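So here's one chain in two forms, each on its own in structure tokens, numbered structure 1 and structure 2.
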Structure 1
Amino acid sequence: MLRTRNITAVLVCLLVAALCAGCGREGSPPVKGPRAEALPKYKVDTGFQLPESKTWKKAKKRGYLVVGAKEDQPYLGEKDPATGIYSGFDIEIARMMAASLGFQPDTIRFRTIASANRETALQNGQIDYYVGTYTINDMRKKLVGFAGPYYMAGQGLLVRTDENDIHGPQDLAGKTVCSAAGSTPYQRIAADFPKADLVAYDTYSICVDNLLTFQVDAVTTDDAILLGFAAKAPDEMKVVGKPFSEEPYGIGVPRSDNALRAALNDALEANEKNGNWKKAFEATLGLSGVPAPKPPPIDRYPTN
């Protein structure tokens, strides 16, 4: 009895050893995802003061920042369901901004806000600022303020790898295409490609699920977002065609808080100069195959 047990134990050990030996071997899929040790550490400006900013003052008093973000966009804004930790390029931008505003890393609380709810969240003071693939445009500028841009994306299309008919938005007539409610890509398809059968959900990850289960023929949003999804399942999905819009990403702030907007623009500029921006990009979005571009020039637009 004892002998059999020992033999079983030895066999189990051998099996485990054999399985583990295969883990790190050449040919096994690379572990893709931001590695914590590759991320820059942002120096907290402990003496920073911004009394002209209502948002900053309120956050200081409360002891932490509340930052709006996405939680289901690979390499940009992702929340680990097990730990609750957010990661990605947008999250790094949010963290570098917090450090410049004098907030320690453990005093940032991320809150997931969908595309359609960003303006209301900023207007109601639910969040202090928002970093989540948020395109700066004139319509939105009537409702919120924007620091940045800190990245330039462009609208694209994601299809299943076996799809051969869709190469650009002109091929969408009669096809079902999915996007997020309240997003600029949704609005562009509705306005410029009315023959497409357009459906909207709260998030792009729901669109991707629908693509993989043959409920829709394509997903449309920014190339940066689509490349992230494609990189996670390259055998199943591909990004097709060229980007057909310009989507400058900004940091959303409450509209009247010009002091906060100016401080964030200063912080962005400083982090682009000191190399943090590039390091953060390479450790996050760069992993999906997007090469590190030069950040676009900051737009310090006047308010009316």
Structure 2
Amino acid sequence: MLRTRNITAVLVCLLVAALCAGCGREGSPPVKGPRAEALPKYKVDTGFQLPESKTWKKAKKRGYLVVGAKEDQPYLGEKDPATGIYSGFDIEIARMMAASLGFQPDTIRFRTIASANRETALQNGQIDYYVGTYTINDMRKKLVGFAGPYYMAGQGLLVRTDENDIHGPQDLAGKTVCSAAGSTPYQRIAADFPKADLVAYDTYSICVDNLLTFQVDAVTTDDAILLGFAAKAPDEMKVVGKPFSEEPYGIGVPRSDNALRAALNDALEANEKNGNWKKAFEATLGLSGVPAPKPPPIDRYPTN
């Protein structure tokens, strides 16, 4: 009975959030950001200068940074529709980078940019840099530059906390698994684990709703995204097993701005060493119950 009440409460929160968003997407998760007091405070490098970066000089003259982000990924990049405030691990990465570049917290303006428009936004100067589950790959490197990676994501599995039979993709035979229609995670399960019973929806949040109502046994996509959903309801859901792909998340910058890319790489390295990276993870994705992993090695690939 208690478990039924808990699940009902979670679903009520999901419904209320969708209504509050005003014609919100079906299955939208409730907006519930990290606790402000648990987040690191980033020391602003007031003496920082980067005159060789056109992007930095433009932002400095403008008086503020414009940072591209996601707004619908729990505990990664999420925008509160009531306050307009962005929160999550990716947002913290963006903020620590801004401090290292010499910008005060109140001089950061986040702008939601859809995945399909990221390269264009960077190329056209609509944003100074982008932080939002942006996987580094060779094709994208032809269009934009990347600092990082700051997190090594990989395909994972989200299940209910009372699920004891699924520990990894090898256990999916006969299980109903949900993913986004046409996504790479969906295709990987179909190709490599054909005995799973696959279902697909337009968004992962609908898959999560179906997981909570026992209509599916597991949800699969990048583990970072799944950790965000688990952090929303850690008593109801958990991420299991080890990632079974590699998705290095990077900070997108204009392709020609190698000076900015190098400065962001230096900032990432410094914040990993001083503990800010770990604190940011623990205050966001770490609320899922998963300990902070070791940050991946920074790839200072050659300029061209």
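A quick note: this is a predicted structure, and the numbers were derived from the prediction, not measured. Heads up, when I say rigid core I mean the largest set of C-alphas that superpose within 1.5 Å between the two forms. Numbers follow structure 1, counted from its first residue as 1.
Here the chain taken from the form predicted on its own appears as structure 2, while structure 1 comes from elsewhere. Comparing the chain between structure 1 and structure 2, the hinge between the two rigid parts falls at Ser245, out of Asn210, Ala262, Ser245, Lys175.
When the larger part is held fixed by C-alpha superposition, the smaller rigid part is turned by 36 degrees between structure 1 and structure 2. Per-residue C-alpha deviation between structure 1 and structure 2, core superposed: Pro291, 2.5 Å. Taking the core as reference, the C-alpha deviation of Asp217 between structure 1 and structure 2 is 11.1 Å.
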